[in-house]
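Read on for two forms of one protein chain; each stands alone as structure tokens, with the labels structure 1 and structure 2.
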Structure 1
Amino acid sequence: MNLAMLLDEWRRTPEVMRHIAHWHVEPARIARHRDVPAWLHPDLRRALAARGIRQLYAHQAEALEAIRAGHSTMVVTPTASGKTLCYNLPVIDAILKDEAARALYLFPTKALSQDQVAELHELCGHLPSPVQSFTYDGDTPLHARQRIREAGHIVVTNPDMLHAAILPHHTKWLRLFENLRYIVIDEAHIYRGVFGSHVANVLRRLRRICEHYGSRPAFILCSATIANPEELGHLLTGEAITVVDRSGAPSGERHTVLYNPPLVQPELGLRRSSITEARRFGTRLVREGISTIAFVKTRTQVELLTTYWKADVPERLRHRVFGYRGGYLPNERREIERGLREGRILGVVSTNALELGVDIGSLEAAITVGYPGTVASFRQQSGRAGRRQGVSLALFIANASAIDQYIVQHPEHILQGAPEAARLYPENLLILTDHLKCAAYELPFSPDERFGVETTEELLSYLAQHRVLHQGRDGRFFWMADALPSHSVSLRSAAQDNVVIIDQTEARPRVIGETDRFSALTTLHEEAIYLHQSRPHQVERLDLENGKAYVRQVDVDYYTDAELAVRLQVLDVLDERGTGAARHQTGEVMVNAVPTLFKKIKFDTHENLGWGRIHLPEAELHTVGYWCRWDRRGIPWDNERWETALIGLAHVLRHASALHCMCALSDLHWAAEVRDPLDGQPTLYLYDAYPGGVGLADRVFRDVDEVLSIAREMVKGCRCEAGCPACIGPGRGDEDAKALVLALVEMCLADPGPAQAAAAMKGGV
């Protein structure tokens, strides 16, 4: 049975259609072509013809003309629209016309860089003149690095390698920096938040070094659809950006189906598990021979769903079902990618690791389990299916969360809504200062030099006062220490040092994966069940000091889930408003989190089989938060009701904030205090999940009325009676929970005095 026949069967099945909130069909679109430009080098035109390319898509030709005119350009078109040619053609053309010309390609992941290099080699293989392209990353052998520095026309790397290995040793890269013509940045929408803020500063350092060597390269950026491509491109590169965003590529007929699992307990708003539904739909697709990818949110869910699919499909298909996530070793990931391209793998369950433009061939169906956090991310995931012509399916399976239920009730949000703006904050003081140190190591700073901000000289003087830099007689600032500053600066939000996972099942131990140190606290504590390719391993010992976790395969029917205890301290109040019963504030906070206990949860039924304690050190986070305090003297609630109201509001406010700020839920954390240690008042905290903050909590503070209005709509629009996971989170055992949360929201919006507040509370609850 092909996909079109299966979709027709679903349409005729009342049990399926009853729970489909929306079914959108996007008709096939024909291509818009333009001739290959005559100004391209003749050898390059012949190479394109050898690959069967005699015309370009309209957006490819438009991008080539903008780049030829010397403009830094961003191409913003859907998945599989041929963005790669938009930068490969001008780069190869420049090298064929000038053998000394160089280009630097930046990809966010090793997988993507290796994938694009393979395509580049294929095109260059049809050229009579050699165009040398090399990948320069942590896996590059030492003996090959010298040749790459001297002979590489195109150097393919990632931001981490550029930051830690290329820029600090720029004197070894003389030919590259003197002749650098183009800097290519693929998947530019990935560079947001903390990572994007770091990368923007790395590119400031890169431009500074290029200027030192007398080159002025143009930037070529490619991105999935985002709301602010011009702004993002400018923040990343510091250059004016020309945007090309009208795709000329063809597309097949696409069915986007929004499925809301059936209610199990209507009065509580509890629905059948989205993972259970993904199991049912996914195994049916794989059984029918329809190539399928499912995107889930966590590594544990990858292993769970992979286990379910393998158990449910016929034995002859089990070797064609795989999981894919960060933590697998590179060789294992490459083999899975190759299997997808060649059609050997029929079903794959992934985190967002396969959301990027890695070539995994033509899949027919993409399942998104739970809202991935942004419209752009959802479109990237659904775009993994139907990358060539033919019918394709994008199936969104909602869970019971407030955001997911909002999405199925407002399908236009992800179907017609504008994609999110990619936000980054290069002026984050911690990030900026780190890269000032790195830049000073690379080249001395002159007193009047500006590194992105007008206060550059003040920051340099501060570092000089603390003997990090030395100011010479000519006023220039020099790096003082022997150590490379870049080695202590991680571009990622995770800790720089990873924990290696060692399987001791066999006589000869072997490394099976890795994870960051913060995640290790909740996934690799002793007695945790670590799932790898759906096989359960029990953690026998976690050695954080040496970055190792020792595991052994076990035969169990459960997995583990850890909980964190959070302690929060306000360091500095930066702004505040409100003088009535509710007072809104924002500022710097210190968060201390420690894993406390873990639950054993049975496969399939998800029932709790028991628990155990975790004995690990706490993690510390200095960030920016928003919080609201209430004057409990005018609100006659006992502690239990306050706890119910605060936790319920925290749950829905986090979801509403994520929608408003257009960020992932994991970017924001919350804490609630019935009696805050600072003044004894009930307080709700929402804070950025990144050191130094990335502006999310500050935005919630500035737009708090809008955020609270979204929260109110989420609660009021829910059909439950007393509160449920779809609005205020798991039940607190209080029949008035929903009314309590709504009363608290109204208090924040109206902000009356204590007397009116007391009357509202008595009357409303």
Structure 2
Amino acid sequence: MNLAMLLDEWRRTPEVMRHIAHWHVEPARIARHRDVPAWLHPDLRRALAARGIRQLYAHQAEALEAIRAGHSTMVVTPTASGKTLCYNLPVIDAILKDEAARALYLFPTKALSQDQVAELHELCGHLPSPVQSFTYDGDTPLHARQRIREAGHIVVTNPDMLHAAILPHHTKWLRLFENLRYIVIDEAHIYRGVFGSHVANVLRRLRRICEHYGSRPAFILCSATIANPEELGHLLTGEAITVVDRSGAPSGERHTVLYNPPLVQPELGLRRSSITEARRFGTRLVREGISTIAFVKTRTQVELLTTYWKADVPERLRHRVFGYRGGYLPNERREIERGLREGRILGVVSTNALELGVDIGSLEAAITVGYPGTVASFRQQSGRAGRRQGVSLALFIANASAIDQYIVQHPEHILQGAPEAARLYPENLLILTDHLKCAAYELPFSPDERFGVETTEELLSYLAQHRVLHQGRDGRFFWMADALPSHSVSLRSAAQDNVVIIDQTEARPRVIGETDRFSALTTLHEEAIYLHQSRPHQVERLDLENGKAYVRQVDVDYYTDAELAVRLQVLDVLDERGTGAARHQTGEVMVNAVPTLFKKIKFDTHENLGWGRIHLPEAELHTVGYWCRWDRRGIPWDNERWETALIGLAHVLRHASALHCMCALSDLHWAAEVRDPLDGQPTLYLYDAYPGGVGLADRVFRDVDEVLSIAREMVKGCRCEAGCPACIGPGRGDEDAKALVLALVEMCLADPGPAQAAAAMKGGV
């Protein structure tokens, strides 16, 4: 049975249709073409013709003209719309016209760059004169590096390599930096949050070095659909950005189906687990021979769902089902990607690791299990199914959370609604300072030089006081330490190193994955079950000091889930508003977290089998928070009611904030105090889960009315009566919970004065 027939079957099955909240069909769209511009070098036009390309899509032509006019340009069109040509053509054209010209390509991961280089080579293979492109990453052999530095017209690398290997050694890359014409940044939407904030600073360093060598490259960015391409491009590159976003590429008929699992306990708002439903739908699709990818949120879920699919599909298909996630080693991942491209693999369960443009060919069905946090991310995931022709299916399976329930009730949010904005915060003090050190190592700073922020000189003086820099007689700041600063700065994680996971099952221990330190507290504590390719491993020892976790394969039928105990303290109030019953504030907070205990949860039934204690040191986090304080004199509730209301609101506000700020739920944490130690008032905190903050809490503070409105809709729109896990979280059975939470929200929203004035002002900024 093919996909179109299966979809027909579903339409005719009431038991399925009953739980489908929305079924949207987007008809096939034909291409809009433009001629290949006559100004392109004739060799390049011939090479295109040799590849069978006689016309360009409209957006490609548009991008070419913008780039030719010297604008830094960002192309924002759907998956498989031919974005790669938008940068390859101008770059190759420039090199054909001036042999000295150079370009730098940045991809967020090594895997992506390998795919793109293969495509670039193919195009260049049709050229009569050589255009040299090379990948420069950790795998590049030492003997090849010299040649790449001298002769590579196009150097393909990733931000980490640029940060740690290229920029600190810029004098060896003289030719590149003197002649750099284009900097290409693909998958630009990945550069948000902490990683984006790092990368924006790396690009500041890159621009500084180009300036030193007298080049002024233009940026060409490509991105999945996001709301603020211009802003993202500008924050990343520091340049004004021309956006090209009207796709001329064709697409096949696609069905977007929003499925809301049935309620199993209406009063509590409990629904059938989304994983269980994904198990059922996925197995069916794979059994029909329909290539299917499922996106789940966590690594544990990858293992869980893979196990289920393997168990349920017929024996003959079992070896064609795989899990895929970060933490697998590169070879294993390459092998799975190849299997998908070649059609050998029929079903794959992945975290968002496969959201990126890793070339896995085009699949027929994509299942998104639980809202991935952003519209852009959802569209990336569903874009994995169906490319230029043929029917495709994007199936969204909601879970019981507030966000997911909001989505199924407001399908327009993911179907038509503008995708969210990609946020980054290059001014994070810690990140900025780290890169300021790296930049000073690379080139001395003039006291009047600006590195992103106006306070540059203040920071430089601070570093000079700490004997990291030395201010010379001419006032310039020079690096003054015998170490390479970039070695202690990782772009990917917080300020610390990763923990590698070592399997000791065999006589010869081997590394099977890695994770960041903060996650290690809750996933690699002793006795934790760590799943790898659906095989449970038990953690025997966690050596945080040396960054190693030792695991051994075990045969158990449960997984573990750890809890964190959190203490929070306000260090500094940076801004506040609201004078009435509720006061909103933002500022710096210190959070102390310690993992306390873990639960053992049975596969399949998800019942709790027991628990254990975790003995690990406390982790401390300095970050930025938003909080709201209520004057308890105005509201005559007892402590218990306050607690119910605060915890309920915290739950929904966190979801609403994640939705609004386009971040993962785990990027924002919350805490609630019925009597805050500071002034005894009921207080609700949201804070960024990264040292120094990444602008999320700050954004919640600025847009608090919008966020509160979403929260109110989430609660009001929920069909439960007294509050349920979907809207205000797993409460304690208080019958007034929902009303209490709504009362709190209304109180904030009704609060007149500065809040609204500020909201109005924000429109003009």
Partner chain sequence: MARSLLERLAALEASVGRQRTTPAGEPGPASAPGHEFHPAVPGAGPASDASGPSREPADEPPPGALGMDGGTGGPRDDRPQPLDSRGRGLALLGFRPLAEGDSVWHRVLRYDLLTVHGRRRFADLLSTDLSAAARALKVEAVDPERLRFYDTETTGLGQGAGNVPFLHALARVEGDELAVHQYFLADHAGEPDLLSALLTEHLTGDALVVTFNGKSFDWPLLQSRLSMWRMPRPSCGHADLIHPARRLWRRHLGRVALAEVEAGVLGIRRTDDLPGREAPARYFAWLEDGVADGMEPVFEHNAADVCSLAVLLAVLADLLAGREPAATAEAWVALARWHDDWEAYDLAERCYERAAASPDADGRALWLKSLFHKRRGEWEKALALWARIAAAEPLAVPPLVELAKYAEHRAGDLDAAARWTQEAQARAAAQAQACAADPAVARRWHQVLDHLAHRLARIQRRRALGG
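In this text, the rigid core denotes the largest set of C-alpha atoms whose superposition between the two forms falls within 1.5 Å. Residue numbering: structure 1 sequence, from 1. The shown structure was predicted, so the numbers you read here are calculated from the model rather than taken from an experiment.
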Exercise for the section: Kindly point out the structure, among the two, that is the form predicted on its own. Expected result: 1
Problem - Exceeds or equals 2 Å, Cα of G370 between structures 1 and 2, core fit - result: no
Problem - Core-superposed comparison between structures 1 and 2, W309 Cα displacement 2 Å or beyond - result: no
Practice task
Take the rigid core as the frame of reference and indicate whether the C-alpha of G289 shifts by 2 Å or more between structures 1 and 2.
Solution key: no
Handout entry: Angstrom displacement of the CA atom of S709 between structures 1 and 2, core fixed
Key = 2.8
